[in-house]
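Here you get one chain, nothing else, as structure tokens; it is the form predicted on its own.
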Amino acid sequence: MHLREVDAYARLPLQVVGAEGNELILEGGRRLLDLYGGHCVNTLGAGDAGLGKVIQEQWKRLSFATNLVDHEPRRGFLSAFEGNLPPCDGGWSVFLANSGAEANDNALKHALAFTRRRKVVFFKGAFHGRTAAAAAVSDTKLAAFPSTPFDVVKLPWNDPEMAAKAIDTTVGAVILEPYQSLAGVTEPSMEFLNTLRRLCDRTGAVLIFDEVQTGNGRLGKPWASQHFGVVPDSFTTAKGAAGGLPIGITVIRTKMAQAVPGKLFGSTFGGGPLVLAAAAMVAHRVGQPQFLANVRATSEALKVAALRGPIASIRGAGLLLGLVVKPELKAATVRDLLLEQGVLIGTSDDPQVLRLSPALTLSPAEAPQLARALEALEVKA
């Protein structure tokens, strides 16, 4: 018998044997500057000594425990995480799970239970995950399931007028990524975000921000709500929240969370001590002003470095940037050529847009390597 893996990923022709800081180490010792960061996962880079020490010590002390008992890592995480949250009357409540899709499922579950409605609004270009509820509000080429678990309405991105026509008292939730990463780091206008907030206030719908990628300091602020100045009723995160360990976090205004039965939620592994010890470390680091200042400074350095050669324009914020290639080129072609120059960068669903989502520990001093790589390219359409 020969065991095969399901052919789900178009893997790059790279054999990675290790990583150090912001570099991947390949067979033979060749190194790549990693400007993709594992889809926004490697918040603190590879092999961070502080995070490694926390994980090692927690593994020896208490690696796992049922959610029927309490433990110090949970208390430590709640304290560290709370310090980064946006202001909210009545405070916030959290539920801990294992992934971004699960976190989004839980946010939607809460919103529909809270409003007692069954319609959810989402937007063209959205990606919220592959579970049944998250896939129902994702704009993907292949339908993940034959039917949706609730009624859905897909609206154009960044269109306040269409939103105003569609969001009424039959809508239970409006879910969006503050920046649509997979769609090509598409940016929202302030008019769009403010309109959604106003419409949800007027109709009683729950406004959900999917911060699986934009959260945990990636935009140069702890959360997109602080970056844009628009606070949702609920938001989610995952990916980089535990520095490389699986986690999903659903954050809900406490007054709203208390209005639905807590037993709607549950998770075997969510909120385990090992992961929460790591997540507390990440939250503590993200909460340090100098850490976020480095994100903003590195963002500016990357923008300067990237605007050359095949790159026509740049969008995004912090360390989630979309590099728009010149019209006659394809992003995948530029990605492959950059690999030859020792730089790993991501693509997106937009064939004209590359994505930068490196570790938040990347420094401005490392940005010129991207500039040199782009200048070295001879790209043909």
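Quick note: we count residues from 1 along the sequence shown, nothing fancier. What you see is a predicted model; the values in this text were computed from it and never measured.
Absent from the display: the form predicted in complex with a small molecule. The rest refers to it.
In summary, the region of this chain contacting the small molecule in the model of the complex, judged by heavy atoms within 4.5 Å and restricted to 265-273, 209-217, 298-306, 189-197, corresponds to 209-217. Shown without its partner, this chain lists W157, F114, F127, F95 as candidates; in the model of the complex, only F127 has a non-hydrogen atom within 4.5 angstroms of the small molecule. Of the heavy atoms in E177, some are within 4.5 Å of the small molecule in the model of the complex. In the model of the complex, the small molecule stays beyond 4.5 Å of every heavy atom belonging to N294.
Of the heavy atoms in G100, some are within 4.5 Å of the small molecule in the model of the complex. In the model of the complex, the small molecule stays beyond 4.5 Å of every heavy atom belonging to T250.
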